[in-house]
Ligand code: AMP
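Quick setup: one chain, the form predicted alone, written in structure tokens, and binding and motion questions come after.
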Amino acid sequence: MKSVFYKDLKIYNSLSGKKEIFVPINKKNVGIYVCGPTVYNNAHLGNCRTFISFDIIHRYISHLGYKVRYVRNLTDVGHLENDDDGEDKISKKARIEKLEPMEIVQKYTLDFHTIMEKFNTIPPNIEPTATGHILEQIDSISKIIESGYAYEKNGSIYFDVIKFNKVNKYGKLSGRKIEDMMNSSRDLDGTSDKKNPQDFALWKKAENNHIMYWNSPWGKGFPGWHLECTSMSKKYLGDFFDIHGGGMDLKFPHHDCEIAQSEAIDNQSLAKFWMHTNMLTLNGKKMSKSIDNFILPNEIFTGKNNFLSKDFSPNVVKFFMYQAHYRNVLDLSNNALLASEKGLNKLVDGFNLIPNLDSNNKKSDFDIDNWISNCYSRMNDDFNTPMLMAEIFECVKFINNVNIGSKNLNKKDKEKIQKTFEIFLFEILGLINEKDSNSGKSSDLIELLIKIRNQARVNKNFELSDQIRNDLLKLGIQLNDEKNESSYKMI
């Protein structure tokens, strides 16, 4: 293991409702499955929060020394407007845009990948699609039928929730009682083939006007939305793996159905840890396309949205998301983005000061080892990024004090600070030092101004000399004059 801190990691398990010490099933290997997007439209920022959160989880567990297999699917068939009934979301979009369904899938998959790349997230090791795993889903259905928990009706296959619940508890993840469940996937016209309204589709018969269908032992049809993740996660991670994640809205019915399907197949609850990210709200309201209260990432990057005062980089938006724990609701507003931009600039400026800090001291006025331990403790506490940020800003405060000469730093601790910042800011949080690419040019420009000023001093042009010094000071650059030359430092 790379780190001595790996034994201290605790993760909140939605299944148990408490934090538990993370012990991988297979020692050094960790399997993570995250429910990915249904690629029928542009992903809004609320969707992105889930994938950015799991990017940090992926990065941190990898940093601790584990070999991670990260699987995130793409839903390209079977996600109906009402989960079990109505029109397929991709087919509907294809009809509206007058394209083939797979053209829609390709278009919005590319858009999703582009956005994730802008946010500097690490791609999953495997990104399976529902249409690419029809055979696996048919096999899963056959096993569920053999277990006695599924039935056929008019060419469709349904999961018998009532029968399953008599032996196993259905809804154990969401905590819902079966008698209170009103399954959003039931038919709205009262013509359902289901025995019970709580039952959900494993396979749907394709009507004559349905353009996405496959052959099966039960006739032409297509798989149910809940089935794909159960089948694909088992294929790539095994019957029981470490972490299954997704947005809070997937707890019921999607993840409850996944667990039921898995237990019907092989008596396994699929994953040891179930993790869920909370909502991103917009101006205090739920972010949702259905109520026309959402914002697309590119609208933020370009400033093309009515409530924005300017454009904000992906780096700033990503940093904004770290201000709240992944399990807490986070509200997006123009002021919140402005504050995040200011905070990120302060943090990056502090990091960029480190190489130029005076470290010719015997002792440091800051307990670096304790600070490093605290940084790991924050991340080990269920990936607590807000508290990690607080620790990093505490060190930035010390860095600024060293820069102005009010605190001491030795060489060994300077190296530790530099390395720890690089680990947490860039390796784990996946931020980009946007100022670093311009730092060389900035230094050259400052040196050029100093050269012009020195010549002005020689020519006794003190008005120009003072103006350059004062203007640089306003930009946070302090000049120190000596006999024949000047040096500078950032303040």
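All of these numbers come straight from a predicted model, not from anything done at the bench. The numbering used is simple: start at 1 and walk along the sequence shown.
There is also a form predicted together with ligand AMP; it is not shown, and the following applies to it.
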### Query
Honest question, do Lys234, Pro253 and Gln261 all end up within 4.5 Å of ligand AMP in the model of the complex by heavy atom distance?
no
### Segment assignment from 391-399, 278-286, 301-309, 132-140: heavy atom within 4.5 Å of ligand AMP in the model of the complex
278-286
### Message
To verify the annotation, which of these, Gly247, Gly171, Pro128, Pro101, has a non-hydrogen atom within 4.5 Å of ligand AMP in the model of the complex?
### Response
Gly247
### Message
Can you work out which of Val30, Leu429, Cys35, Ala456 has a heavy atom no more than 4.5 Å from ligand AMP in the model of the complex?
### Response
Cys35
#### Entry: Residue contact check: His79 to ligand AMP in the model of the complex, 4.5 Å heavy atom
yes
### Any non-hydrogen atom of Arg59 within 4.5 angstroms of ligand AMP in the model of the complex
no
### Query
Taking 4.5 angstroms as the cut-off for heavy atoms, does Phe51 touch ligand AMP in the model of the complex?
yes
### Task
Verify the contact flag for His63: yes if a non-hydrogen atom of it lies within 4.5 Å of a non-hydrogen atom of ligand AMP in the model of the complex, no if not.
no
